[in-house]
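Only one chain is included here, represented as C-alpha cells and corresponding to the form predicted on its own.
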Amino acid sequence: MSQAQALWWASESFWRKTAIWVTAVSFVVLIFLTFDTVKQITAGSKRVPAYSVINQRIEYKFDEKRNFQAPVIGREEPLFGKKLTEQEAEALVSHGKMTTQSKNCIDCHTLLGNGSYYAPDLTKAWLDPVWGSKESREEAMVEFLMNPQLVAHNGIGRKMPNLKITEPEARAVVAFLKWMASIDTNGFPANFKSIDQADAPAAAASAAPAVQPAPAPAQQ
C-alpha cells in the first residue's frame, strides 16, 4: 500500500470536498432554524401571545414540570380600563416599543436578555412588587416614567434621569411592558417575585356591625 493511499484523509481534495459539504449542510440548517425562530418569536405564537393579551390579567405561577415560574393568562383585565382590538393593541404596544428604543432604555436596563444590568431588568416590570398593588400599578408606572428622577431605583440610590417622556408615550410603554411580561421566557429572569395579582376581597358584610331596627313600641 502506497503512502498516498494510506493518507487519503489528509489529501487536499478530500478536505476541499468535506468543506463544501459541511458548508452546504450548515447553510440548509441555518435557513431552517431561521424560519423556525421567526415562527417562535412572532406575536400570536405559543410562547409570544398576541398583542391583545394586554386586555387580560397576566400572572406567574410555578410550573412543577418545567421547574420555574411560567406566565399564565387569566381573566379579562383591560389596560387602563379600556378593552382594545388586536389592531389597537398592536399599535399601542408598538408605540411603546419604539419609545423604549428611541430613549435607549437598554443602555441601562435589560429587556428579554438584551441590554445592560445597571438598572432593573424590565422583562417582567409589569409584575414588579415595587408598584405597590395591581390597582395602583398602571397610574404609578405612568407617573414614574414621566417623573423618574423623584424616585430611587434601589438601595444604592440610583435614579433614572427625566427623559421627557410624554403621557401618551408613558402609557404606550406600560402597554409594551405588560405585553412583554406575558412572553414565556423559560423562567428568565430567575428568582422573580411577582406582585400580588389577587382581587381585593369584597367588603365583608360583617366588617361593621349591622344596624338593628328599633323595636316596635309595645301595644297599649
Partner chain sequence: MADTSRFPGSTMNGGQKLAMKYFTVAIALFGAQILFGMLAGLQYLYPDFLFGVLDFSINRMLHLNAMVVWLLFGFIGSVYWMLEDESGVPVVGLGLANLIFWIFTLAVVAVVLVFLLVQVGAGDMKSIWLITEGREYIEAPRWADIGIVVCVLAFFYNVVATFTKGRFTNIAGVLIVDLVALAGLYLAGMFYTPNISMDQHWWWWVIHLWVEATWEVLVGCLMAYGLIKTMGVRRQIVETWLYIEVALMFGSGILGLGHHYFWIGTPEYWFTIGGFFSALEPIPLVAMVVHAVFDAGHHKMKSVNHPALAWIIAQAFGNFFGAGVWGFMHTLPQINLYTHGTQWTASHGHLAFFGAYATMVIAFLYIALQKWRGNVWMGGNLEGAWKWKWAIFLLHVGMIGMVMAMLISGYEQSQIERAIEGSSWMGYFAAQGHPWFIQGMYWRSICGAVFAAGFVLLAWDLLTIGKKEARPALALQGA
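Whichever C-alpha set is largest while still superposing within 1.5 Å between the two forms counts as the rigid core. Computed from a predicted structure; not experimentally measured. Positions refer to the first chain, counted from 1.
Missing here is the form predicted together with the partner chain; even so, the following discussion is about that form.
Shown alone here, residue 55 lies farther than 4.5 Å from the partner chain in the predicted bound form, counting heavy atoms only. Proximity of residue 10 to the partner chain in the predicted bound form falls within the 4.5 Å heavy atom cutoff.
For residue 103, a non-hydrogen atom is located within 4.5 Å of the partner chain in the predicted bound form, even though that partner is not displayed. Residue 107 belongs to the set of residues with a heavy atom inside 4.5 Å of the partner chain in the predicted bound form. Taking a 4.5 Å heavy atom cutoff to the partner chain in the predicted bound form, the contacting residues in 167-183 are 169, 176, 179, 180, 183.
Superposition on the rigid core between this form and the one not shown places the CA atom of residue 186 less than 2 Å from its counterpart. The Cα shift for residue 26 between this form and the one not shown, taken after rigid core superposition, is 2 angstroms or larger.
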